[in-house]
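Taking the form predicted alone, here's one chain by itself in structure tokens.
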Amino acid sequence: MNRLAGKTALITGAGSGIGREVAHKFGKEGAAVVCADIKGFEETAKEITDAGGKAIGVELDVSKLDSWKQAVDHTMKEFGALDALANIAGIPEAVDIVDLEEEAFDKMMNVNLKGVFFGMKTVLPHFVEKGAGKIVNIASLAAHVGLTNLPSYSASKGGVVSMSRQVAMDYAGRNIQINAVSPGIIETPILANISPEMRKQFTDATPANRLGRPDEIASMVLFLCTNEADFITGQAMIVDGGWGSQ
């Protein structure tokens, strides 16, 4: 339970869903956790500290470069180091491309893709100076297979996979590992309002015959941020209950 002892990790999207689960798992494994989000981040940080861990909450709008710089500066002032970044923050959609508005497309790219770009751009100089670092970017099954009514979401997550692979090659020789994790359909607040019929469709489409849990995605993110994963970089780890293998 101490695979990240002595490490500091910045987790975006830590206010809810997968990001919150990642933050908790990192805290249990001994990391000092920077819980970053636009809301809910203070609650997550308090839950970690109440459980005996070390954490702070930081407000972060991932679509704004200045917000990233402030969050990383706060991290360095508070903990004096940064060892891992988990880019979990993201937004969903469900719309036919004909009905997709330009404003909605731009927002999707600003959060899901530009947010990952800003995160890597901001933390990599610290990792280079330190001579080590881990980055895990959340993508999606939609980056690998065609799913209905997800045009801008699929594009943004496909970009996350491609950018993660490219940047991983640039920094592989500097002891910095960069990977993506692509979840399938996961039980998060995003699914709270779907119909029973749609839930059944998702379940039936998954060979494991169930939806995934946030802690199962968090476990993969955690693994990729440990020393056990030092020889893994530039990969997109698909955690989808077998959906993409059909």
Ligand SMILES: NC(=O)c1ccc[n+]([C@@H]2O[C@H](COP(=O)([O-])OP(=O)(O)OC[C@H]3O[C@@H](n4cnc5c(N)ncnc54)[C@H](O)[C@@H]3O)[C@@H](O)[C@H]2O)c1
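The first residue of the shown sequence is 1; numbering continues from there. Keep in mind that what you see is a predicted model, and the values were worked out from it rather than measured.
Keep in mind that the form predicted in complex with the named molecule is missing from the display, and what follows is about it.
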Can we say 13, 62 and 91 each have a non-hydrogen atom within 4.5 Å of the named molecule in the predicted bound form?
-> yes
Hey, in the predicted bound form, is residue 188 touching the named molecule, heavy atoms inside 4.5 Å?
-> yes
Even though the named molecule is not shown here, does residue 183 get within 4.5 Å of it in the predicted bound form, heavy atoms only?
-> yes
Looking in the predicted bound form, any heavy atom of residue 200 within 4.5 Å of the named molecule?
-> no
If you check in the predicted bound form, is residue 118 within 4.5 Å of the named molecule, heavy atoms only?
-> no
Identify, from the list 82, 111, 155, 163, the residue with a heavy atom within 4.5 Å of the named molecule in the predicted bound form.
-> 111
Which one, 208, 51, 194, 38, lies within 4.5 Å of the named molecule in the predicted bound form by heavy atoms?
-> 38
Considering the named molecule in the predicted bound form, find the one stretch among 95-103, 139-147, 119-127, 172-180 with heavy atoms no farther than 4.5 Å from it.
-> 139-147
